[in-house]
Each structure stands twice: as C-alpha cells, then as structure tokens.
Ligand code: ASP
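Presented below, as structure tokens, is a lone chain in the form predicted on its own.
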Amino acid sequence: MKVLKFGGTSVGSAERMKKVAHLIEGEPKWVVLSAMSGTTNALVEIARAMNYNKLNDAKQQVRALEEQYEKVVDELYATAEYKKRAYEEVKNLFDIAWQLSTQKLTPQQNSVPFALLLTYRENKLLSIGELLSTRLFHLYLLENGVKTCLLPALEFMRLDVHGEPDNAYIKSKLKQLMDANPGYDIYLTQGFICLDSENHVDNLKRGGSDYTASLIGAAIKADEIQIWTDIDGIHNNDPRFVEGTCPVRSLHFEEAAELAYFGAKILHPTCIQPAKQYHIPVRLLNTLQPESEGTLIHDESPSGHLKAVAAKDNIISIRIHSGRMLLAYGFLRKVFEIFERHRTPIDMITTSEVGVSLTIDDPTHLDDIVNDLQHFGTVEVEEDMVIICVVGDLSPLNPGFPSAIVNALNEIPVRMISYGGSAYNLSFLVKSEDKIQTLKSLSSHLFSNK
C-alpha cells in the first residue's frame, strides 16, 4: 500500500480537488491532505486578532473564510444531497471557529498559564483547516462512488512528552483503526494536526503533513510514500534566483535529508527519517504535471555526482574567542551545554586553538546564550547570514569535488566552511547580500554541463 500526501496548493480549489480524486484512482492507498491553500494563513490572522481581543475583527474574518468555503461547496458537488451534507460540515466546523472567536481569555481565568491558554486555542483553530479539506474531499469521493474511510489524525497521531511523535502509539492505534475498517479503497486523514502528550490539540508545524505521511508510511510499512506538490521534484538549485535549474531525478536518503534541512522547501526536514529507517522510497511529484518523473529518494543513488545546492536563510553567526581554549579539556562540552540549556540547536561549527565559530537559526534565547558564553571569552554575533550547502557524493573517494566547490567561490567572501561531518554535504556561510551571487556561481561551475 502507498501513502500519498497532497499539499495545500494541490487541493487549493474545487477543480484541483477533482484532479486529486482522479490521481488517487486504482489500488488501495492512504491519502494525507493539507488545508486548502490560504486557509492556514487566514486562521493564523484570526488567531492573532483573538489574542489581541479584537473579537469583532476575528468574527469578520471567520465569516469571510466561511463564505469562501461555501463557494467551494457550490463548485465541488454535483448533487443536492452531497451539497447539503457538505454545507452542514462547513457550518459545524465554523461554529467551532465562531465559539473560539467569542472566547475572551484572561490571565486570571484559571490555573493554566495564560500563554498556554492562547496556544491551546490557536492550535484548535488551526486544526479546522485540515478538518475542512478532508471532510469535503471525503464527501466528494463518496459522491463519486469511491469506497473511502476518513480516519481522523487526532485518533492516532500523538506527540510524546518531548514533543516528538510517539511512534509506538501511532503504530498501535493505526493497526487498531485499520483492523476495525478493512477493505476500503482510500484511507483519508489530515496532515499536520495531532495531539500532544496531554491530549490537547497540537500540530507538527508548517510542512508537517509531509512528516505525517512518512510516519504513517513507516507505521504500516508502506511500499512507497508520495509527496505531491506544485513543483516537479527537488531542483538542483533555487529556481527563484537561478535560471535553468532542473529536477534531480534520484537522491540518496542522506542527500535529501541535507537538502531539506538546509532550505529545499519542497520537503519537510523531518520527513525523511521515518522512511529511511524502514527503507521506504519517497517520491516527489507535481500535481499540475502528474506525468513528470519527479524525484525519487531511496537507499541507492548514482555515485560520483554533485546533485544540488540549497540555502538556509536567517542564520546567526556566533564566534567565541578565548586564550584559555588552548588544550583546555572540556571547553567544547561547556559551550554545547549552554546551547542545550537554552534548547537552541547548532547548524554549523568550526574550531581553532583560540576560538569557536558556530551558527544557529533560532534567535529566541540569543541574549541569554551570549551572556553565558561571555564567561569564556569575547563573543561576536553577526545576524542576517545564510548557509549554502552543496549536496552529492562528497566522500574521500572523490577528491576533486571539494576543490571544485571552493573554486566556484573565488569571488565570494566566505565566512565559514564545514566539511567532513557528512559524506554528502559541504556547507559554508555567507552574508545574505551575497546569497544570490553564490547560488548562481555554484550553478555555473558545478551544473553547467547538465
């Protein structure tokens, strides 16, 4: 059985939903849907109005969104019976949004911290987007005679106390649900919504529907996981900034993971891990061009090639200079403990006898981190940086590749280089103003013959 995930643009209108219904014909499969494009952003704005107690604004925005979905219902269904059922689904879900928009929270309301109350309300509101898309699509499939079972993600997708997917729970619950509902052509569910460890509505953040598809695929030992978007696979560079890019047809799991983490927006960074663990191929396909080959991510990939370039924005560089580093046992451990204490991951790191340079992408605890690091020496911080990574077969058996990459940067002021931590990635740090020139230079030097 395959697992197919369709993003927001793929189900962004009644017409596109009909195309998706055509794409999933055939053998039984799981289908994971995101919210219709624009819906999550609209719900975020409604939540923001609620948080500032602008309840009239929130109500107006709720009504405007509800009217959009009423139009979708008019366009999607052919029969009066299913239009009526769909209107009822829309009304029921927007009744929840109306109730939330009239709910004025105060810090003195109860013993739950006020920030948590806001988070719980916002998460519940955001879940409405995917509940809408899946319920409407479910009814459309039923109207067209497809034997479909809607299995709500909130019945099996749960996080553990560390905020990570509870894989044992997910696998157990999915087995129970499928055993209780055998023989369907389509098993349909939501993308990024889930429950936290205390059974509050939560989510896997933006792009989390990729992760959901991969987690389901791992739990049921799927034959393949397909991620359908509006792009023809992963390109060898960012087509927004570089002309003449082309799709990469085959990637190793490790290569895809590096590209996803370092900026390839088509794929959620965490999506690869569950599939890799169970050796399940992941195929990236284009809903608007379903005949295109896309990108296949699997255990095997042609060796001896550089595959692609990706960029990660909004990076912060931190440099610690300390004369006490020389032969100082445990120095790096103490530095890492500071970032661990402030729950801030490190992207890149380089060291010398008198200093450490590293990068982060989360500024939430930057001031506290800098204050703690100043106990060890002088600290310099640069913001608005970019990590550029080149992905491919960069093992020591291909000694010419690192030099080819470096030669492509002979006019770029590189601030930091990281190589050797992976056989699939060479990364370097540049200022954001040098990003586009760097991407273009790498393409012209590395991929000009493709």
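So that there is no doubt, residue numbering starts at 1 and follows the sequence shown. The structure displayed is predicted, hence computed values, not measured ones.
The form predicted together with this ligand is left out here; the points below concern that form.
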item	value
Candidate from Ser422, Gln60, Thr40, Asn51 lying within 4.5 Å of this ligand in the model of the complex - any heavy atom	Thr40
Option touching this ligand, based on a heavy atom within 4.5 Å in the model of the complex, out of Gly207, Pro152, Pro281, Gly377	Gly207
Listed range touching this ligand, judged in the model of the complex by heavy atoms within 4.5 Å, from 95-103, 208-216, 368-376, 74-82	208-216
Distance check, Glu130 to this ligand in the model of the complex, heavy atom within 4.5 Å	yes
Partner contact for Ala35 in the model of the complex: this ligand, 4.5 angstroms, heavy atom	yes
Residues of stretch 16-33 in contact with this ligand in the model of the complex (4.5 Å, non-hydrogen atom)	none
